[in-house]
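In structure tokens, one chain follows: the form predicted alone.
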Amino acid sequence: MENRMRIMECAKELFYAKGYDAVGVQEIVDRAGITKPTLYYYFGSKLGLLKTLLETKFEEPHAAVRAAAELKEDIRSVLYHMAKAYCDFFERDREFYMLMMALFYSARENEAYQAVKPYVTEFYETVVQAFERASGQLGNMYGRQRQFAIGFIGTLTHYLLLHSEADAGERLEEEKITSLVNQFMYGIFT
């Protein structure tokens, strides 16, 4: 594995295990078996390393969610495909998913929160757009697309956070994802 990738993987593991603020550059370079100048050459700083890690790890899952959001299908099917892409992201790299959640739920002034915020916001806007495209199917939403997006993301996020504790290592079955989407849709139509 090349130095750049090894540094990012070691940083991800340490940030996940201890929290971004608790990990120093020296600990990262020791784990990666490199020197500080090597880390600074690739990333400029610990924050630069975090930003590169977020950019690198977030692009593929967000592209899958974005593609699902743009499907020309009924909203239930679109939400299923978005949820499936989101859950696949969780299953491919639970540590990174949990790290993103921890960063997003940190203090708003924290540099780690500022680094992750654009990615979470981009994902949220993708979900809002899916609901906006479905307005013909859902009737007059009275501007509630943003509320629906928050509710949908919240349903998925909390399920995955609790699932990771209760069923560590267990794969999310398609019927569970379908059930989550159906439960969410039931809430919209009642």
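Residues carry their position along the shown sequence, with the first being 1. Predicted model, so just to flag it, every value in this text is computed and none were measured.
Beyond the structure shown, there is the form predicted in complex with the DNA, which is absent from this document and is the topic of what follows.
Q: Work out which of the listed stretches, 23-31, 118-126, 65-73, 52-60, brings a heavy atom within 4.5 angstroms of the DNA in the predicted complex.
A: Of the options given, it is 23-31.
Q: Please determine whether Arg146 contacts the DNA in the predicted complex, using a 4.5 Å cut-off between heavy atoms.
A: Outside the cut-off, so no.
Q: Heavy atoms within 4.5 Å of the DNA in the predicted complex: does Ser135 have any?
A: Ser135: no contact with the DNA in the predicted complex.
Q: Tell me, yes or no, whether Thr38 is in contact with the DNA in the predicted complex, where a contact means a heavy atom of each within 4.5 Å.
A: Result yes; Thr38 sits at the interface with the DNA in the predicted complex.
Q: Does the 4.5 Å heavy atom contact test between Thr157 and the DNA in the predicted complex come out positive?
A: Close contact is absent here: in the predicted complex, Thr157 is far from the DNA, nothing within 4.5 Å, heavy atoms only.
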